[in-house]
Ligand SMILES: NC(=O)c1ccc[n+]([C@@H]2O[C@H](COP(=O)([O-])OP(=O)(O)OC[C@H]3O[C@@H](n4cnc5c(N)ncnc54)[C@H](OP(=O)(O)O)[C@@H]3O)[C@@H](O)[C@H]2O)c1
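A single chain comes next, written as structure tokens; it is the form predicted alone.
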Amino acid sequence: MKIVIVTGGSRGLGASTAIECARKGMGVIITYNSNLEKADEVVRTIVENGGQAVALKLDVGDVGSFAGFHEAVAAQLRFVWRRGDFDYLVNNAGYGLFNPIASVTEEQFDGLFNVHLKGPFFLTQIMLPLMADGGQIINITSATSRVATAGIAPYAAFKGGLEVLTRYMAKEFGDRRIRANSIAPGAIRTELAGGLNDEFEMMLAGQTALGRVGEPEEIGGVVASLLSGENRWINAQNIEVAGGYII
């Protein structure tokens, strides 16, 4: 059984990714920051459908906590799966902030940077020795790094940086046959930055070729598919999954 770690797996894209990966027969480790109840719901959904999953606490914005997380993952791998390694890492955890450049504070900037770029960089670094050769890393980026939308400059900039980092991961980890790709969602109906109100959703739908916003499972399904052996020759790519957003 392949084992995947999905950060931010208690809700939204992360929860859908975890559930879709379990449907493809993977063992799942999800992380949550504060909402244990939601994380337990995801685990319960997977287990009730015949899968295996555990939830571990992780603040992706706190690099100092990563060593403890590494040890917790190693313990669960031994206890649940009788393994000393895992196969896939999905760097998904994140949050949104709508604020024009002129009023973004240093604290807001640093918070977004820590979660969306610094965190994935150092989490991947510390988990790499525990990842099996031939594994895969998927970083969740954003279509906002391609299309400038007023009010989300730091978020988009760090997602763009994560897209670049993905290519470097593919380059540097290739000798271990570890692939690295990124998925760039467009407008998705999630709780990110408070979710979508009707007016905002209509505007986004009008900017999308398919005439609607996406659903979380439409991203989770792509991630699960990319992790499968069917797509083993895809590497170092940023794949936009956005229904044709501003084309």
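Just count from 1 along the sequence shown to find any residue number. Not measured: the values here are computed from a predicted model.
Just so you know, the form predicted together with the ligand exists too; it's not on screen, but the next bit is about it.
S.K.: Considering non-hydrogen atoms and a 4.5 Å limit, does the ligand approach A93 in the predicted bound form?
M.R.: Contact with the ligand, yes.
S.K.: Is there any non-hydrogen atom of T45 lying within 4.5 Å of the ligand in the predicted bound form?
M.R.: No, T45 sits far enough from the ligand in the predicted bound form that none of its heavy atoms falls within 4.5 Å.
S.K.: Answer for S142 alone: is it within 4.5 Å of the ligand in the predicted bound form, judged on heavy atom distances?
M.R.: Judged by the heavy-atom cut-off of 4.5 Å, S142 is in contact with the ligand in the predicted bound form.
S.K.: Would you please decide whether E218 lies within 4.5 angstroms of the ligand in the predicted bound form, comparing each non-hydrogen atom pair?
M.R.: No.
S.K.: Every residue in G135, K171 and N231 with a non-hydrogen atom within 4.5 Å of the ligand in the predicted bound form?
M.R.: Looking in the predicted bound form, the three residues G135, K171 and N231 all stay beyond 4.5 Å of the ligand (heavy atoms).
S.K.: Heavy atom within 4.5 Å of the ligand in the predicted bound form: which of V222, A55, I188, I178 fits that? Just give me the one.
M.R.: Checked against the cut-off, the match is I188.
S.K.: Ok, A153, M127, V115, L77: which has a heavy atom sitting within 4.5 Å of the ligand in the predicted bound form?
M.R.: The option sitting close enough to the partner is V115.
S.K.: Give, in sequence order, every residue of 25-39 that has a heavy atom within 4.5 Å of the ligand in the predicted bound form, or say none if there are no such residues.
M.R.: Read in sequence order, the residues that approach the ligand (within 4.5 Å, in the predicted bound form) are Y32, N33, S34, N35.
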